[in-house]
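In the block that follows, a single chain appears as structure tokens, in the form predicted alone.
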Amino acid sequence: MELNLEQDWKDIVHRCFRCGYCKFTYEFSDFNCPSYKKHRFETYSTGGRLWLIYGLISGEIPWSQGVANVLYACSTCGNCTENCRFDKFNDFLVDIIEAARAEAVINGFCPEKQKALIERIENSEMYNPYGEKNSDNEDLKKEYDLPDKAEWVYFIGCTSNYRQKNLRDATLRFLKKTNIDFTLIDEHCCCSPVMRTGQINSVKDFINYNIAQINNAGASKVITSCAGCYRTLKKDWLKFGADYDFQIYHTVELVKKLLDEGKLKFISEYNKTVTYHDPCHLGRHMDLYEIPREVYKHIPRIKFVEMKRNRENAWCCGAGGGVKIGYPEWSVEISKERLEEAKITGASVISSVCPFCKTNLSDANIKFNMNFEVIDLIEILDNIEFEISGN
């Protein structure tokens, strides 16, 4: 069941005594919280937000638009969870902020820009946060000659289906080449954007609809190329009481599985210097760090280099938690810092495994003339030759 701010967190939020670890990584002598680094005011750190939330719960602080703006000026990247020193408390920091946002919505203080997400998703012509006409994916099924029922469902996700179509198509081509028995469904938004912004009234209906579509396809496995969808399907749906018995995979997990089983072999070279950006939803939120790196390193002649801040301390791309739609200029400023860090590595390519990360890194790359090639791992694999055997 979804978590209630007062019932679930009243006796835990006061444990924070604002030691500062949530906003500063001493290993790198730098801020790890994009929000605090921007505003330089304690309330914009996670510790400050917890005290603000405690004040809301106790009634000492009244709800206002200013309070709500503080709660929403956070990408919920989760770096604070890695640096907080309180075990059995730090894992819930993002959950607490999201629960507080749900209370902001109930009290009528969701910021106007974020409201557009729920208005679009609940629109029967759309069912996605981009305001695009809903695609039932039937045209794609015909184009790729996909069956109505299959072992796998490729859950494309809104960002790939409406904004990063090249990533979507690269994934479809990869799955076809590897002879995976898969199909597509008439999917609606996984609800990650509205969960992050506290607009959760319709979430259970969307979850049940998508589960029914997957079950109708006879699938026992679901694969997605989106880190946000991956976290949402595998973790968040369960919070809302979802009942399903299919397995959830990110595409990079399938690639690694095929490599480990000797069924996939890369045979052409990729002579470029590449650095990897850890998506927050795949890394800190789901603890999936090494599998993508192992796949990159399997590619012949690739030069793989790491940014200074990587894995659990990777700097956020700046797009998550409703920041992209709510604070678009700040969002690309956060991404610019990531690209500047990538520039130090000497890489010409910055790659990730999340269409949302790709979108924001690309936007910053263009705006600030950073001259990177921004590309998803699955797009790299789509551009090299490989052999498939025993599948």
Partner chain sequence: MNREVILKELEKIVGKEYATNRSEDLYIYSQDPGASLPRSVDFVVMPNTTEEVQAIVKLANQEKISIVPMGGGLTLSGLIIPVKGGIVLDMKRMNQILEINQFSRYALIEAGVTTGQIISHLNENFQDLQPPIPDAPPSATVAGNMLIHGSGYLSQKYGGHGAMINGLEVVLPNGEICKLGSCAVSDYWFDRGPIPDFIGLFISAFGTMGIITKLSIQLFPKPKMRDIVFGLMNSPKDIPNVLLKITATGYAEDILLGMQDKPEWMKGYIFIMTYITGDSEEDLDRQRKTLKRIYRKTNARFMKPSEKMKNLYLEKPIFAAGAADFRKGGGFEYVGAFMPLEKIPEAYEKGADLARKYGILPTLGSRLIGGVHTVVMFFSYSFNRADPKDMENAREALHETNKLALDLGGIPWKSELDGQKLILERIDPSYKKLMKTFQNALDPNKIMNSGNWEVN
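Positions refer to the first chain, counted from 1. These numbers were taken from a predicted model, which means no experiment stands behind them.
Only in words, not in the display: the form predicted in complex with its partner chain, which the text now covers.
- The closest heavy atom approach of residue 36 to its partner chain in the predicted bound form falls within 4.5 Å.
- Taking the partner from the other structure, its partner chain in the predicted bound form has a heavy atom within 4.5 Å of a heavy atom of residue 66.
- Contact check for residue 44: a non-hydrogen atom falls within 4.5 Å of its partner chain in the predicted bound form.
- By the criterion of a heavy atom within 4.5 Å, residue 21 is counted among the residues contacting its partner chain in the predicted bound form.
- A heavy atom within 4.5 Å of its partner chain in the predicted bound form is found for exactly one of 70, 332, 339, 349: 70.
- Considering its partner chain in the predicted bound form, the lone stretch of 79-87, 248-256, 312-320, 166-174 in range is 79-87 [heavy atom distance within 4.5 Å].
- Three-residue candidate spot 14, 55 and 60; every residue lies within 4.5 angstroms of its partner chain in the predicted bound form by at least one non-hydrogen atom.
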